[in-house]
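Shown next as structure tokens: one chain only, the form predicted on its own.
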Amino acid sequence: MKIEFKAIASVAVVALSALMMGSCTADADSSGLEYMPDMYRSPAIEPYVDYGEIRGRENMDVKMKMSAMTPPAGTVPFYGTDSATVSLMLPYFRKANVAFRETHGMYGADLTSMDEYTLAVNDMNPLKLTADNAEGMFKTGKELYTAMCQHCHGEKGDGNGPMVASGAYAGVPNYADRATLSDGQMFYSIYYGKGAMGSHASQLNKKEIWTLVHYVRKFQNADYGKFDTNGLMMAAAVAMGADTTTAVK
């Protein structure tokens, strides 16, 4: 019995050693052999998964390509059944100018020869700011601004963010000097980009951009978002569209 046990143990040790050695590889970028790929690799197509190397097969033609596909033009993610929310999240009806093809790399996009940035002066913020929602709106706006804007525009919106201070970028404007811009023009600039700033349309949805517009107004007027005892905003709403309920699609 002891001899059989020792024999079995010896075979097991040899097999385990062979298994462990077989997992080793000289390729520093390889994690070794995959013995049970179905346990952690989904057979379904998933975004951001490297399909250039799977189950022992390597396809160098797709190694450096993202597997996530761009949704067909005009499609809208499901945002529930609330009509106001669905209307707000419909594709932006304004287009970037043809010059953006070269300046912002928008090759293949649906562009226009018209100056829609100028036309956007009449577009008003569809997210109405009230005494009841102002605190939550600015809280969300600050979170978005910190994550997406502060590195260039600065914590105080003065254009002196860490990226500017490092010398990586220059010419970032002080928001206080842009107080005459309408909500629509600010939205257009964030959505498509402006000057050295690239488009944020793939990083922020329309509701988030309109929320940012409200937050940026705080840099331009300290009283923006403050209300009197009658529920009226203390800051003048010149070119801001703060009191409008007209939705911009």
Ligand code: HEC
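Numbering starts at 1 and follows the sequence shown. Being a predicted model, the structure only gives us computed values, none of them experimental.
One more form of this protein exists, namely the form predicted together with this ligand; it is left out here, but the text below deals with it.
The candidate spot formed by Tyr175, Arg178 and Met197 is fully in contact with this ligand in the predicted bound form: every one of the three has a heavy atom within 4.5 Å.
Of the candidate stretches 125-133, 151-159, 75-83, 89-97, only 151-159 contains residues with a heavy atom within 4.5 Å of this ligand in the predicted bound form. Contact between Met163 and this ligand in the predicted bound form is found at the 4.5 Å heavy atom cutoff. Pro71 falls outside the set of residues with a heavy atom inside 4.5 Å of this ligand in the predicted bound form.
A residue is said to contact a partner when one of its heavy atoms sits within 4.5 Å of a partner heavy atom; Tyr117 meets this definition for this ligand in the predicted bound form. Contact annotation: Tyr169 falls within 4.5 Å of this ligand in the predicted bound form, judged by heavy atom distances. Residues of 81-95 are not found to place any heavy atom within 4.5 Å of this ligand in the predicted bound form.
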